[in-house]
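In the block that follows, a single chain appears as structure tokens, in the form predicted alone.
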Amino acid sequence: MISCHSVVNLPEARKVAIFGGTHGNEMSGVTLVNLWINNGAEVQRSGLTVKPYITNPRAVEKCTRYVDTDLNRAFTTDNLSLPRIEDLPYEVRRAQEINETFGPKGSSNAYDQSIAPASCSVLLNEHPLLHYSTSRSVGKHPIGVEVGPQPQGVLRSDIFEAMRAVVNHGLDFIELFNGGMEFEPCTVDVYRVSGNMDYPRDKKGNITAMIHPNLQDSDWVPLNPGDPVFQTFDGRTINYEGESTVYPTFINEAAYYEKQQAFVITRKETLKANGIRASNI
């Protein structure tokens, strides 16, 4: 836990990439980035180079999550170091191109921030000492913005506007930081990933129960021992058997069926953060 009694000097952020279409059927990010590619005035800020970018155009054309493999898992060291040949899966070649444009990953030349498809809840599942293969990991200081749950291949105005607001607030923050505003120490409630919960299955791997109606659409709502989590096809309730209260998220996420994941289990923590200011002020 970080002490909150000091102010840290950090370098200015000067290059920002806004990624959309990493998953081609998440329409809010795709639509916003295309909007800003055609007219970027809304996202431009003083002293910043802001580049909206469609990361997986073939998946966007097909309105599918991906073509060959999940682009948001493709930015591994092994993939990025492979020879550039046509036989590679499309998303691996795309990861190499994106890394070349906005990276190289982990270098001082990388773009300062990547924002991708908003919940104001902070999901703590990454650490600078660990290796991640998401599209935003190319950025020097990556931030992922997830608005949802949203139906795949469908554009909803509430999700579109929420994502638009979050990205613009992020750009406003960077502009104020670069301009010399000092941000005071604070505390932040975060949700640290502690595991995943799969659906009940039979011996052949087939799902035998659904998300319970009480749990559906209850992301970030406390889940207590004994609370309903699944409902079998004959109407029987299966309760949560954990030993303490947790906070589920990505509940019944369509894209996670292939990952055998009914929801992500998180635990709530409060972190203390230093104040920050630009190092050249």
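One rule holds for the numbers: they count along the sequence shown, beginning at 1. What you are looking at is a predicted structure, and each value in this text was computed from that prediction instead of being measured.
The same protein has a further form, the form predicted in complex with a further copy of the same chain, not shown here; the description that follows concerns it.
Peer 1: Given that a further copy of the same chain is not shown alongside this chain, does Asp68 nevertheless sit within 4.5 Å of it in the predicted bound form, heavy atom to heavy atom?
Peer 2: It does not: once a further copy of the same chain is placed as it appears in the predicted bound form, Asp68 has no heavy atom within 4.5 Å of it.
Peer 1: If you check in the predicted bound form, is Gly47 within 4.5 Å of a further copy of the same chain, heavy atoms only?
Peer 2: Gly47: no contact with a further copy of the same chain in the predicted bound form.
Peer 1: Decide whether Asn168 counts as a contact residue for a further copy of the same chain in the predicted bound form under a heavy atom distance cut-off of 4.5 Å.
Peer 2: Flag for Asn168 set to no.
Peer 1: Report whether the minimum heavy atom distance between Phe160 and a further copy of the same chain in the predicted bound form is within 4.5 Å.
Peer 2: Phe160 belongs to the contact set for a further copy of the same chain.
Peer 1: Tell me which stretch of 72 to 80, 93 to 101, 150 to 158, 177 to 185 has a heavy atom within 4.5 angstroms of a further copy of the same chain in the predicted bound form.
Peer 2: Flagged stretch: 150 to 158.
Peer 1: Looking in the predicted bound form, is a further copy of the same chain within 4.5 Å of a heavy atom from each of His212, Phe233 and Tyr257?
Peer 2: Contact check passed for all of His212, Phe233 and Tyr257.
Peer 1: If you apply a 4.5 angstroms heavy atom cut-off, which residues in 37 to 53 are near a further copy of the same chain in the predicted bound form?
Peer 2: Result: empty, none.
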